[in-house]
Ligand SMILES: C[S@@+](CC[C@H](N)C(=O)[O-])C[C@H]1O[C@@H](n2cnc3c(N)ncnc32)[C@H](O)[C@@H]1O
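Only one chain is included here, represented as structure tokens and corresponding to the form predicted on its own.
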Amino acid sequence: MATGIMDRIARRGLSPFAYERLHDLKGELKAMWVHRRGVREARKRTWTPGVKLNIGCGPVITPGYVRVDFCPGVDVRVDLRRPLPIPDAIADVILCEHFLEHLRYPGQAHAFLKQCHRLLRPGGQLLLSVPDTRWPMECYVHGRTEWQDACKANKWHPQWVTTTMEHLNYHFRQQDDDRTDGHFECHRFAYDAETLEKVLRKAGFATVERRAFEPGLDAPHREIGSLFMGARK
């Protein structure tokens, strides 16, 4: 009750920009608390060599994988922008679907991929996917509509997004009046294959190559509009 009253007072008394920054601060304080609790729980866990990890999984269920994310209901709930409380060289496979674009580039993205590299055993594989940015850019330059049609058909973007430029902006930032700059809410960087390979190699991966969508592994709704990459330690 008191929290709701204070929120209404802050909303009336602060500018919209200041209120959003206050909202972000509250989110960061919550993230610190959630992360500390998650670290304690992860340190109590028995980690088996050869484990499979799905990092940045969100609510997606992946049988056979230990699910690591900030959202509730996962196996290890921590802030993925921080060092992960998981032993070195423990994982055979890390799956990471449409998460990297939510991190700031290059700092946060590089730090996260270094963490993935640390967690993998020698020869272990990172299976990564991000939104494919080359496709919408090519469509925009050449006046083609198939990407924009796919956005509408798959409901990737809200209904207010109608022009090609609005679609492009939403692809790059995933931001509107209902979202703040807070914890993982927005897209912060857009990737193509060249840039994704660059940042993976910088993180220490020896082999990096583009891969195809894998049924039974990659989420079915990611098949269209995604850039899939595999990287080995």
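Worth saying up front: this structure is predicted, and the values here are computed from it rather than measured. Residue indices: 1-based, along the sequence shown.
The same protein has a further form, the form predicted together with this ligand, not shown here; the description that follows concerns it.
Have a look at 39-47, 202-210, 163-171, 54-62 and name the one stretch with heavy atoms inside 4.5 Å of this ligand in the predicted bound form.
-> Selected stretch: 54-62.
May I ask you to state whether residue 221 is within 4.5 Å of this ligand in the predicted bound form, using heavy atom distances?
-> Residue 221: contacts this ligand in the predicted bound form.
With heavy atoms only and a cut-off of 4.5 Å, decide whether residue 135 touches this ligand in the predicted bound form.
-> No.
May I ask you to check whether residue 71 falls inside a 4.5 Å heavy atom distance of this ligand in the predicted bound form?
-> Yes, residue 71 is a contact residue.
With the cut-off set at 4.5 Å between non-hydrogen atoms, does residue 185 touch this ligand in the predicted bound form?
-> Close contact exists here: in the predicted bound form, residue 185 approaches this ligand to within 4.5 Å, heavy atoms only.
Tell me, which of 78, 113, 130, 94 has a heavy atom within 4.5 angstroms of this ligand in the predicted bound form?
-> That would be 78.
Which residues within 88-103 place at least one heavy atom within 4.5 Å of this ligand in the predicted bound form?
-> Heavy-atom contacts within 4.5 Å come from 97, 98, 99, 102.
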